[in-house]
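Take a look at this one chain, the form predicted on its own, written out in structure tokens.
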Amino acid sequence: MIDILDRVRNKALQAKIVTAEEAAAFFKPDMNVAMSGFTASAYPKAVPLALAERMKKEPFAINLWTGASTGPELDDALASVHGIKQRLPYQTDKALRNEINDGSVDYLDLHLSESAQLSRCGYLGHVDVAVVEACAITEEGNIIPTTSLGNAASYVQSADVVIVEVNTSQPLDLEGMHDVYIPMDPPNRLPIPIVKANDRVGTTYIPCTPEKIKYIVPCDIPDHTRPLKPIDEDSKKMSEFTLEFLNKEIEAGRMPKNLLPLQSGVGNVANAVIAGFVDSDLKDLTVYTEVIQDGMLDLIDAGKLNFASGTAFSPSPEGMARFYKDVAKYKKYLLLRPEEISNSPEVVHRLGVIAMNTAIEVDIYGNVNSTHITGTKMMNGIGGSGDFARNAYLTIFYTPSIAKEGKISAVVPFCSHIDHTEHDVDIIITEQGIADLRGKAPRERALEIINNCAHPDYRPILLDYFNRATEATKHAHTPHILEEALSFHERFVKTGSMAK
């Protein structure tokens, strides 16, 4: 208890320290509950675990809003007891995904940059309670975040009451690593004054008054970050293609020698692509992204990274241990912001970000599906990929050309669901090669994608479809045979394979 008292620096607030079970008793059915967390970083753990135990005995459900996905102590714990009625704006949990796809949970898949504003303006209803992880509370009652910011600052501002989960496993050295800036809403919004990735424009804490804090709950459960798979040959090839392409852009005079600020999505492929920069000749790199993973630490150690701005620090367990071992060193290079700032279309466009994200599938004209399996089953959500893809200086999407031992082609005649239209996509990279779609009309894009990105086993089928569609439509702007456009998906549903 000494540790928790040291971290709650406002003496009057120490009287509000309660158990997780006492805090869990506060929740009521159908409440709009906003929680901190972005990826498996800085999400509440003790309170949702206690709430799930209560829901086992007294079944009810809440509407759960976060910054993005969270860890098992939150999404999995509540989904496993059917405690979630509505969920937004992004998730990655298997139990929750199953409930979304069987109709038990209403899922609002939102652009992450827009979710805080939607909650503040009341489109989603009112925030009844915000539950936020902190490493400390200041003398004034302000909240010192931990390993992510996400939507936490906006939720604290909007909520009727706040429950702060003070996590003693999080080092106090995290203080000062945040830049909390909440924009005013229209018609009073001003330009966000960020012109460089390392600009600080806000406070190092989440503003809060002591009166708004209802409970403070001690917690010692660490972030449940996910291990990264070893870099496979396909990911290595995609990384090599990326570096080859970017070096040509430098040679062509379209980028400076240290590139433009990099944005990289979440996951093994994205981390592998960033890791490839470590052994390159590139240096003085900057990053303006959502999630900071292991590859960023590698770049710091290699002396290649000047600065990385994001909204969450979400490395592997090994990466987290490495970070905690030398927080003072790494935090000089890292800054965490609210996600409506890290993903702000205004800032992304101003900085000229290079956006690098992954796709489930792409079609021959350059449309991208990031979210749905066979057009119906939600995987995770759009996340921040749309925020960056539409507004970046250069937009790259990655996918292995095949999946499930060749039974699925990631290049299809027409995407079964479209999150990013052909108008937002510049480059597609698979382990087969690069399709540069810039300056190309739809029929030119089709040949570029089929010949460079499709797997050899599917290339003849795709070329056959494209040629027949072109003939059938008399060389239409975007040739399709409507009854065959989703034939790859129909075959997969019927036979378990997209191949003929």
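Just so it is clear, the structure is predicted and the values come from calculations on it, not from any experiment. Heads up: residue numbers just count along the shown sequence, starting at 1.
As for the form predicted in complex with another copy of the chain, it is not shown, yet the points below apply to it.
This chain lacks the partner; the member of 106, 284, 301, 173 within 4.5 angstroms of another copy of the chain in the predicted complex by a non-hydrogen atom is 106.
Interface residue among 133, 223, 75, 387 relative to another copy of the chain in the predicted complex, by the heavy atom within 4.5 Å criterion: 387.
No residue in the set 230, 248 and 331 has a non-hydrogen atom no more than 4.5 Å from another copy of the chain in the predicted complex. Note that among 139 to 147, 179 to 187, 75 to 83, 152 to 160, the stretch whose heavy atoms approach another copy of the chain to within 4.5 Å in the predicted complex is 179 to 187. Not displayed here, another copy of the chain is kept clear of residue 92 by more than 4.5 Å at the level of heavy atoms in the predicted complex. Another copy of the chain is not drawn, but in the predicted complex it has no heavy atom within 4.5 Å of residue 404. Interface membership of residue 195, defined by any non-hydrogen atom within 4.5 Å of another copy of the chain in the predicted complex, is confirmed. In the predicted complex, at least one heavy atom of residue 442 sits within 4.5 Å of another copy of the chain. Residues 372, 374, 375, 376, 377, 378, 382, 386, 387, 390, 391, 393, 394 of 370 to 394 are found to place at least one heavy atom within 4.5 Å of another copy of the chain in the predicted complex.
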